[in-house]
Structures are given as C-alpha cells and as structure tokens.
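So this first bit is one chain, no partners, the form predicted on its own, shown in structure tokens.
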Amino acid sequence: MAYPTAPLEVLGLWTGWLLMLMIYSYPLYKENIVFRWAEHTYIAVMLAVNLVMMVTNVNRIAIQPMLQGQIHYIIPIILGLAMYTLLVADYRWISRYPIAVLVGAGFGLGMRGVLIPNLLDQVVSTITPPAGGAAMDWFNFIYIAIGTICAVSYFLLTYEHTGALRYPTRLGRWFIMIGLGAYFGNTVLFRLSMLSGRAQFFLQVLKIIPM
C-alpha cells in the first residue's frame, strides 16, 4: 500500500496519528487535558456514528416495512418510543414494560447462546472419543475429560472436600489455575499485538517504514 497523496487522506492519517499520541499520553505520563480531549472526541464521534446507524436501521427495518403494509412493525416502534418516557417523571412507569420485554428477550436469547456452546458442546466434546488414533489426540481427550470432571467437582460446595473428594477437587483447582493463567497470557499477548500495531502505524505515518 502506497503512502496516500490526496490531501484529505493525508489529513485523516495525521489526525489519527495525533489522536493516538494523545490517548497514549495517559499510560505514558498521567491523565491530562490532551488525553481528556481525545477521549471526549472519541466518545462524541462514536455516539454520532451509532446514532446515525440506529436511526438508519430503525427506518430500514421497521418504518419502511410498516409503510409498505406490514402493520405489526408498529409494536416494536411503540415499545421503543415508550422507553423515552423514562425521561418524564410522571410517566416513567410506562418505560418499565418495554424494558421488561427487552430484558426478557435478551435473557432468553443469551441463555440460548450460552447453553449450547458453553455447556452442551463442552459435554459432547468431553464424552466423544477422537476419531483418529494419534497419541496426541487421545492425550488431549483424556486431559480435557479429567480436567472438566475435576474442575466441576471443585464447585461442589454442598460437600466438604475431604475423603474421596479431596484429591479430585485439588486437581480441579490446579486445572482452573492453569486455564486462568493461559487466559491471562492470551490477554497479555493480545495487548502486546495491539501495541505493536500502533507502533507500526506510528512508523508508517512518519514514512520510516512502508505502508
């Protein structure tokens, strides 16, 4: 990718570079007026973009179909408008109904998305033996099966972890610590990759390295 030559593209490139420096002035120095200005600018821009997107989506998904004869779309429109009664003290109680519908639908969809990948798929993958006969496949299968059983046994809080439960629960705690350590390591690597990307952008804007 060649370095941009159009004035607006160069302006946007340097604006992003300056805003990046303003944001990184907080971890490199401390909170300051430059960082707060960049932070507020980012929030304002994102709010404006999201507002335009939301209005466009409501018009495309609900208003236009309703005007074309699909009258049932008036129900979500009314519920959405009713949420704004939260701003009026005398009619604030009306906003409870659309909020209840929103929370209930979100909870139902969320549970559906959580149960299948996080519970059912975990159980199926734990009890399904590997199709291949490779030693590493069987090692991973046994490791995951033992780790899952021991980690779940660690959360048997109705029984004291003594006797037959002593060693599985201790082993489960080790499995949990290993998993959390790997998760933390991935988080650190992700942050470092983000930092390296910003460093690359910094050098590209200054034309030290090619874009």
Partner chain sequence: MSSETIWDKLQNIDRKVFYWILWIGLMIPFIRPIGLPISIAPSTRDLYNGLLTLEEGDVVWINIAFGVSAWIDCMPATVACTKVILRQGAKLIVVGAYTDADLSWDKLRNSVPDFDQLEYGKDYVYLGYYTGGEAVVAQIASDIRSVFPTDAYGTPLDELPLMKEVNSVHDIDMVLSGDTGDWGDYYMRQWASPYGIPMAEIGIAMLASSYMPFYKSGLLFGISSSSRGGAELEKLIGEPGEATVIMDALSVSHLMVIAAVLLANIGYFATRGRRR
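The term rigid core refers to the maximal set of C-alpha atoms that superpose within 1.5 Å between the two forms. All figures in this text were calculated on a predicted structure; none of them were measured in a lab. Positions refer to the first chain, counted from 1.
Beyond the structure shown, there is the form predicted together with its partner chain, which is absent from this document and is the topic of what follows.
- In the predicted bound form, its partner chain sits within 4.5 Å of a heavy atom belonging to residue 57.
- Though the partner is left out of this view, residue 135 does not reach within 4.5 Å of its partner chain in the predicted bound form, counting heavy atoms only.
- Proximity of residue 69 to its partner chain in the predicted bound form: non-hydrogen atoms within 4.5 Å are absent; the residue sits far from the partner.
- Remark: residue 164 does not count among the residues lining its partner chain in the predicted bound form, judged by a heavy atom distance of 4.5 Å or less.
- Heavy atoms closer than or equal to 4.5 Å to its partner chain in the predicted bound form belong, across 173 to 211, to the residues 182, 183, 186, 187, 188, 189, 190, 191, 192, 193, 194, 195, 196, 197, 198, 199, 200, 202, 203, 208, 209, ordered by sequence position.
- Relative to the superposed core, residue 116 undergoes a C-alpha shift of no less than 2 Å between this form and the one not shown.
- A movement of the C-alpha atom of residue 77 falling short of 2 angstroms is seen between this form and the one not shown when the two forms are aligned on their rigid core.
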